[in-house]
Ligand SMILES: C[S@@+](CC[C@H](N)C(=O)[O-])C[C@H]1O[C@@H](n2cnc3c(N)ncnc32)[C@H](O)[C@@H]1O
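Heads up, the chain below is alone and in the form predicted on its own; it's given as C-alpha cells.
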C-alpha cells in the first residue's frame, strides 16, 4: 500500500516529499514484537517516534516553474522600488533585482527552518535587499530569537562589517556569526561603537518610543523596527513593544480617539 498525501506538479515543489511505503516497516515491527514477546515471556511495546522538527512551508512548498518564479520576483522588486522611492537611499535597479534573486538562494540555505515569532520570507527579502544597498560598517541587533536575522545580516554584509547582538537570553539561538559580538545585556547598559553607516534592528519587544529616543541620542542613521503594531492589532502580539512607531503616528495624526 502506498500512502500519498501530497500533489506533485512541474510547477511547484510540494513539501519535498516522496511517496513512502509504510507497510513493510509496520509488518517487520509486528513480527519482531511477536518474536520478542514469545522469547522473553512477557509483552513488550515497540513504538516509532515520527515527530520531527517542523519546517515552515516556505522551505518545503515553493514554486519551481521559472515563469512563476520570475513573475513573483518582479512583483517583489516593484514593492521594494515603491519603498525606496520614499527614501533617500541611492540604488541601482538592476542590482536590486539581483539582490532579490540572491536572497531566494540565501533563504533556501538558511540553517533556521522554522520562523514562528520571527522574520519570514517577506520581511527577510526587504531587510536583506536594504542591507545590500546600505552596505553598513556596523549592524546592531537588539533582540535575537533563533538567529535567522543574524544569518541574513551575516550573508548580506561584507567581511569587515561588525555585528553586535544584544539580548538578555540567548538560549533559543541557533546561528552564530563569526562577525558578531554577542552581548548578554540590554543595549542601554553597554553602548556599541556607532559609525556613520550603522544599521540597527529593533526586535526586542521593548517600547519603540524608548528605542526611538535611544537612536536619536546616539545618531543611528538606519533603523528597522519589527513588531511595529498599530492600536488595531497590538492584541496579536503576546508582548507588544508599545508604544510602537505606528501607534505614535496614530497619536500624532489624532487617530487615538474617535472625533465627536
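Numbering follows the first chain given and starts at 1. Quick caveat: nothing in here was measured; it's all calculated off a predicted structure.
There is another form of this protein, the form predicted in complex with the ligand, and it is not shown here; the text below is about that form.
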item	value
Contact flag, residue 223 vs the ligand in the model of the complex, heavy atom cut 4.5 Å	no
4.5 Å heavy atom contact, residue 145 and the ligand in the model of the complex	yes
The ligand contact in the model of the complex: residue 169, any heavy atom under 4.5 Å	yes
Residue 204 within 4.5 Å of the ligand in the model of the complex, heavy atoms	yes
Candidate stretches 92 to 100, 74 to 82, 145 to 153, 129 to 137, one within 4.5 Å of the ligand in the model of the complex by heavy atom	145 to 153
Residue (of 117, 176, 87, 122) lying close to the ligand in the model of the complex, criterion heavy atoms within 4.5 Å	117
